[in-house]
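Each of the two blocks below gives one form of the same protein chain as structure tokens; they are labelled structure 1 and structure 2.
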Structure 1
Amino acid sequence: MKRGREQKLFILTFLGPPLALYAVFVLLPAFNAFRYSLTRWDGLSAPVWIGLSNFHKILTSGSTFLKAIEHNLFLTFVPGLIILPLALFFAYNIHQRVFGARLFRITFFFPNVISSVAIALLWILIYSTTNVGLLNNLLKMFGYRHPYAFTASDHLLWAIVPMIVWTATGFYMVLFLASMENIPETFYEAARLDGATPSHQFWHITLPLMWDVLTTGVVFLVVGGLKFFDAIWVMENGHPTPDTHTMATLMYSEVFQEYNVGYGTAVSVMLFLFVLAATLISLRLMRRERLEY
């Protein structure tokens, strides 16, 4: 009995402080967000209880929030359909020890060590309509006389796609490569002895045995797309338009620019629910029998 009490005291001593910090800095603010989402509040005066009015306004046809959801879905699926195949392709080829594999690994992962704001500023320069704009200078070489406004609000979402692909592919490549390198080489040797081609080895050995990691990558992509914020905020100079708003930028602008805290926290609640639902759906769709080796 004494030993059992000592174990409980030991566990409580180590878990108590982090749980207390988590409750104060995560659970309590989350609870307050749900509470303030049911009010009309400017952050200064006393909140006024209005029930579900903020959520009704959010879900009204033609609202900025519904357009923001469309933009988040666009930034989730369009880059994702490029990133996953590219990351798998590069990871598999590096796993096969192609010439320069170590250099490729470093080069592809390099964008992940740069801050997201710096990356956005870099791509602003690439897309610039001035003399420093790389893409517009290339277009000029091919006979286009007038610079193209890549970062204009009505073009910005498409312009962000290559930036996301360039930034994220290296991360997922390293993630998939780590999983591939844990697969025993004996599986590939047996497959080669049976006459399996590299493509057959990939589809029937590599992909099934790394499915759990691929599922994790899909969840990361979905969550990242739904929470997308930095690049749009920087490229729009802190003032996104209805053509470029995502759920995160809409929430931030409503709270810190319009001082509409009640509506902004309602947007944050909807963002939380969307991320939670998307994560559960992704895990459900990607679920399959686990293979152990």
Structure 2
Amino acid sequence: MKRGREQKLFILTFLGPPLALYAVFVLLPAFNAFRYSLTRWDGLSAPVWIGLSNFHKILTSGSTFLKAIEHNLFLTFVPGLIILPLALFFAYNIHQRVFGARLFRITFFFPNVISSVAIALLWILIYSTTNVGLLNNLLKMFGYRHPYAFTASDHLLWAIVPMIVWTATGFYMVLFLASMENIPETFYEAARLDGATPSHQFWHITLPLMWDVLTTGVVFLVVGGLKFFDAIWVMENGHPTPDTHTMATLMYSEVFQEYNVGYGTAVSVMLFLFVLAATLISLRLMRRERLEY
């Protein structure tokens, strides 16, 4: 009897504090975001209920938001199409114990531990039009006389693509490598006995058995692309233009620079819906096509 009551108290004291923190600082504000998004509010005076007007404005053709979501998709798929094959190629070769595999594995991952802000500054220096700029110095060696403004607003997004590839490839490589190492060696032995070539083995054993991890990788790419903020913010000095806004930077500048709290929150709600959709679709895909082994 006493034991039961002690246990109840224990559960309460252990589960209570984390649950309360999570409810007050994550669930409650997440819920409030939906309320805010239905108002017009400058953050000081009383909010005015305006129904779905913010969303109407967001989805009007030619709005900054629609351009922003385009930029998010650009920053997801253009680097993604380079990253995934590259990471697979690296992971495969490292898995095959290519000469120097350990060194490659360790160094390719380097950029992932550095903060995204420091990476943005590093690439500002690489792209710099001053004497310091690594790439403009290279161009000079090839005879270009005038430095090229890589990070100008109208093509900043292209300049960010190599930065994302440089940063993220190591992460996906490590992810894929872990999954390749989980595939039992007996599968390959059996295939070899049947005369399968290495490329056969890769396409018919390795890749299909990695399906789950590949899907996870795509989800990470999409979610990361949808939330993209740091590098744009730093490279644009806190003032992105409609040419460079992503959903997250648009949200920030609408709320904290223009004081359109309702509109900015509506942007964040859209961001949430996109992240949710991407995650649910991928979970669905994983369940349907999962290969058991």
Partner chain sequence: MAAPFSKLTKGLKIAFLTAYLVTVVFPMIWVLYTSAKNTQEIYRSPFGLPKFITSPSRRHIKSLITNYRKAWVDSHFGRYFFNSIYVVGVSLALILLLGCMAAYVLARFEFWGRNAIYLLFLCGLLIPMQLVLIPLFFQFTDMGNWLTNLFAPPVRALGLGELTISLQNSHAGLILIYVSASLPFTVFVLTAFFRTLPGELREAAMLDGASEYRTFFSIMMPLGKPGIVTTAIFNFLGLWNEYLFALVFLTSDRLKTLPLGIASLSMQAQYRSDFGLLFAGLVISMLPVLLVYIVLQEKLTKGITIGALKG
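No experiment lies behind these values; they were computed from the predicted model shown. Numbers given to residues start at 1 and step along the sequence of structure 1. Only the largest set of C-alpha atoms that superpose within 1.5 Å between the two forms is called the rigid core.
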TODO: Choose the one of the two that is the form predicted in complex with the partner chain.
DONE: 2
Task: Is_shifted A278 between structure 1 and structure 2 (CA, 2 Å cut-off, rigid core) - done: yes
TODO: Align on the rigid core first, then pass along the CA displacement of L21 between structure 1 and structure 2 in angstrom.
DONE: 2.3
